[in-house]
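What follows is one chain in structure tokens, specifically the form predicted alone.
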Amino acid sequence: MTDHPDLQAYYPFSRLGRLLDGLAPGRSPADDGAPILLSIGEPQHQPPKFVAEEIARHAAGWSRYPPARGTEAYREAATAWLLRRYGLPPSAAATGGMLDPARALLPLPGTREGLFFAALATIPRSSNGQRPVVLIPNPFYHVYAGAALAAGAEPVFVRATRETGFLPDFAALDPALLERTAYCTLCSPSNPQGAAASLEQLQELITLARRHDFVVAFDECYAELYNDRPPTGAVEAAAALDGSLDRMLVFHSLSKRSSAPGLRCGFAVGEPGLVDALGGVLQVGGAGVPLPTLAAGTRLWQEQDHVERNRAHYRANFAVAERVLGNRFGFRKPDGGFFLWLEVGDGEAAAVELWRSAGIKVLPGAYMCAEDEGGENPGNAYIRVALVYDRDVTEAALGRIGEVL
């Protein structure tokens, strides 16, 4: 096992635990003085009550194994949401169409699981006779790198900093590297910076993937949480480009959209052959979505009022951040998501001081980044702050962050 890949190497929360180990938290500005955990993107308000009602109504399904392709009702509800969200014609979901729910869509127990197994399903043992490359934005969600290692690929981290608009420029890479590329991941709106790719940027990446014959995975779990305008989606870009999902997998989830991360429910949509490959790997080493969960998920994709309330909640928190922080720490209101990516000089030192002095836990930006070829970590100066609490707690926490730092 000496050459077994260390899948924990890029897991940020283990590193944060070691950083703060043995340090007592200070009294936080919360009413009860309890620690405020702004380190993890976990919604702190509940999903609609009908989720529990649907699960109870379909409780008999717990005695059955999850169906590999979910239920027809779930696939159709998710497809109908895609049509509404991205303004696509009903013909796109017809039999044999780009979004044919029987062929192009696969229910998943969350996007994290889907992204991990998609890498295992699609990355070959070699690419043009060499170790395959996986392109990953830097900063990145840890699953992207862990999946690359598990698949035996070489992760290549592509800067997504202020200079690049907080999105990676994959097209600027060496063509020889692109020829070795087997898989690429883009998160839009991005985690942690909240930058959304334009229609043109998405189409350029789709075209690049087809030219160099690699799979591109679009992680769009924050697609419904935005500030000024809805982010363009990869399905929308593909429809405008040529109406094909070739070399594409697009991932969506109810975790952030519907404040239901514990439900473990989402889907992948994409090229039918890739969807089949992902489903096959899940049947071997993963799990489908249980029937009661599928029933609740069906209802959530059909209902929009709770999503609009969630969006208003996060918009209010960003308005508080803009008022409290002003132009300090490189503050910018992101296109989407619910994170702040604050420039504080030394992210690790800031995290320690905020925990010790104010009982506020944040994530050092370096823990979401890899060092570049020159040994520089582009996240060293940053912290990630998740605005997941209610407005009063958020305002108190951000005010205290400003005081401490």
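Just count from 1 along the sequence shown to find any residue number. Everything numeric in this text was worked out from a predicted model, so none of it was measured.
Another form, the form predicted together with a small molecule, is not on view; read the next lines as being about it.
Screening 311 to 319, 270 to 278, 136 to 144, 296 to 304 for residues having heavy atoms within 4.5 Å of the small molecule in the predicted complex returns a single hit, 136 to 144. Among 221, 250, 282, 167, the residue placing a heavy atom within 4.5 Å of the small molecule in the predicted complex is 221.
Listed residues 191, 181, 258, 79 were compared with the small molecule in the predicted complex; 191 is the one with a heavy atom within 4.5 Å. Of the heavy atoms in residue 234, none are within 4.5 Å of the small molecule in the predicted complex. Using a 4.5 angstroms threshold between heavy atoms, residue 113 counts as touching the small molecule in the predicted complex. Interface membership of residue 159, defined by any non-hydrogen atom within 4.5 Å of the small molecule in the predicted complex, is ruled out.
Proximity of residue 187 to the small molecule in the predicted complex: non-hydrogen atoms within 4.5 Å are present.
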